[in-house]
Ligand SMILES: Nc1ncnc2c1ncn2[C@@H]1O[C@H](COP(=O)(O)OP(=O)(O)OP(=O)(O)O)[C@@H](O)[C@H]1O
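One chain follows as structure tokens, the form predicted alone.
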């Protein structure tokens, strides 16, 4: 594992305004994620886990503090530049899958390339390779309604992998799955980690946490080590 962090947060905070009240969701977060790491973040609902993941993924901005991604600060970048970083650096996997119901498996995996500067032949090769990685090469023409929950999550993971991200972020990826499908998705994340993927995963599942290299706990907007 590299000694230079891929992602580094320093004294990071995040506030949300609710009416006349300001709620501090993240409080002085310090976190380093290294190349090839597999970090799980656990904590109760409302502890700030998903907010932290959204900031790591450049989906949200911190109120104060510093975020350095691949050696470069991203705090003050424009929305357009942040969008470009998300498309090239980061792969997202969400609990709800976030698939287009009328699109095929192939079309759903292809989504990140709609606005990417990559020719159709190269995009297609990446889509087919990602589908093979998650065991869906024979399901490319199917739509989400014809898939099991585990297969839908595999599509979401393939979509994340297709951009060849430096960082994979997963928010409760087994939260909507039964135990058998959860084990299959966990095996897939372990396989990705062994192949060199850098993963930060939010979960309530202790079995998922046991597969990680490092487990952190969030309580009241602060990170605690075990």
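Numbering follows the first chain given and starts at 1. Keep in mind it's a predicted model, so treat the numbers as computed, not measured.
This next part talks about the form predicted together with the named molecule, which is not shown.
Does the named molecule get within 4.5 angstroms of any non-hydrogen atom of residue 214 in the model of the complex?
Residue-level check for residue 214: no, no contact with the named molecule.
Does any part of residue 209 reach within 4.5 Å of the named molecule in the model of the complex? Heavy atoms only, please.
Output for residue 209 is no: heavy atoms all beyond 4.5 Å of the named molecule.
Contact label in the model of the complex: residue 12 to the named molecule, heavy atom within 4.5 Å
It does not: once the named molecule is placed as it appears in the model of the complex, residue 12 has no heavy atom within 4.5 Å of it.
Answer for residue 44 alone: is it within 4.5 Å of the named molecule in the model of the complex, judged on heavy atom distances?
Close contact exists here: in the model of the complex, residue 44 approaches the named molecule to within 4.5 Å, heavy atoms only.
Per-stretch contact check against the named molecule in the model of the complex, the hit in 180-188, 44-52, 31-39, 161-169 (non-hydrogen atom, 4.5 angstroms)
Going through the listed ranges, the match is 44-52.
Heavy atom within 4.5 Å of the named molecule in the model of the complex: which residues of 16-30 qualify?
Counting only heavy atoms within 4.5 Å of the named molecule in the model of the complex, the contacting residues of 16-30 are 16, 18, 25.
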